[in-house]
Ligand SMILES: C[S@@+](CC[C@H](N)C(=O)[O-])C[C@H]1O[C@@H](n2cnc3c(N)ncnc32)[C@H](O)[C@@H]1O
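First comes one chain, alone, set out as structure tokens in the form predicted alone.
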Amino acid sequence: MAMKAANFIEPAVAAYAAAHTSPPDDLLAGLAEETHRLVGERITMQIAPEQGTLLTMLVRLIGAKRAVEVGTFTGYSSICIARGLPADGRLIACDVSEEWTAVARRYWEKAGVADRVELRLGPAADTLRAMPAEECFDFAFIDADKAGYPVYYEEILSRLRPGGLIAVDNTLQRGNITDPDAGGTVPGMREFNDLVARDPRVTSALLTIADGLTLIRKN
């Protein structure tokens, strides 16, 4: 199922880019279809297929063994992350919804990655704060409630190894990020983007893939 392109990307260009990116396999395509049947237009809560391909690639490129995800939904991104981990790798998946993560659990089993994923239900800020201060992650993905991004970022960054990577979704807000009159989650996301851009602890790059994906490397 094709995901709707962000409105700041020319549809033909978005389609071309997707067509020239390694596509999802049948399992991920099936998960996307089931999610669409369940949530309808809220399918935009799920990452785009090309983002999933990129997540797996990034996890493999940095040799990550320990990862954390904030915002699991029905499990697409967690499968992509877990597939990039080695057999003894571990992903902690944080979410508040038993309903949507029940779908994720089924697909973790189907994908053969259930032994690498640990689901922790509850507010992600509480889950992260409860982790030992010395807990060390190699990779993190943030794709949850936008108001919580600054908290998730700080809690994860303090537990990320030097050279570790954080990927943050929806940082362009469907192209509205530069609109001074935009409301909703846009002003908060603009503040978050500014926070990251001026943070001397990290090096960052905001990519115009899907709805904006910021890559943040801890110095």
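Residue positions are given as counts along the sequence shown, with the first one as 1. Predicted model, so just to flag it, every value in this text is computed and none were measured.
Keep in mind the form predicted together with this ligand is missing from the figure; the text below concerns it.
Asker: With the cut-off set at 4.5 Å between non-hydrogen atoms, does residue 139 touch this ligand in the predicted complex?
Answerer: Heavy-atom contact with this ligand at 4.5 Å: absent for residue 139.
Asker: Looking at the partner-bound form in the predicted complex, is residue 186 within 4.5 Å of this ligand by any heavy atom?
Answerer: No, residue 186 stays farther than 4.5 Å from this ligand in the predicted complex.
Asker: Look up in the predicted complex whether residue 47 has a non-hydrogen atom within 4.5 angstroms of this ligand, and give yes or no.
Answerer: It does: once this ligand is placed as it appears in the predicted complex, residue 47 has a heavy atom within 4.5 Å of it.
Asker: Although the partner isn't part of this model, could you tell me whether residue 85 comes within 4.5 Å of this ligand in the predicted complex, counting any heavy atom of the residue?
Answerer: No.
Asker: Among 187 to 195, 38 to 46, 59 to 67, 22 to 30, mark the stretch whose residues have heavy atoms within 4.5 Å of this ligand in the predicted complex.
Answerer: In the other structure, the partner sits against 38 to 46.
Asker: In the predicted complex, does each residue in the set 153, 155 and 219 place a non-hydrogen atom within 4.5 angstroms of this ligand?
Answerer: No, the whole trio is out of contact, none within 4.5 Å by any heavy atom.
Asker: Quick one: which residues from 138 to 161 get a non-hydrogen atom within 4.5 Å of this ligand in the predicted complex?
Answerer: 141, 143, 144, 145, 152 sit within 4.5 Å of the partner.
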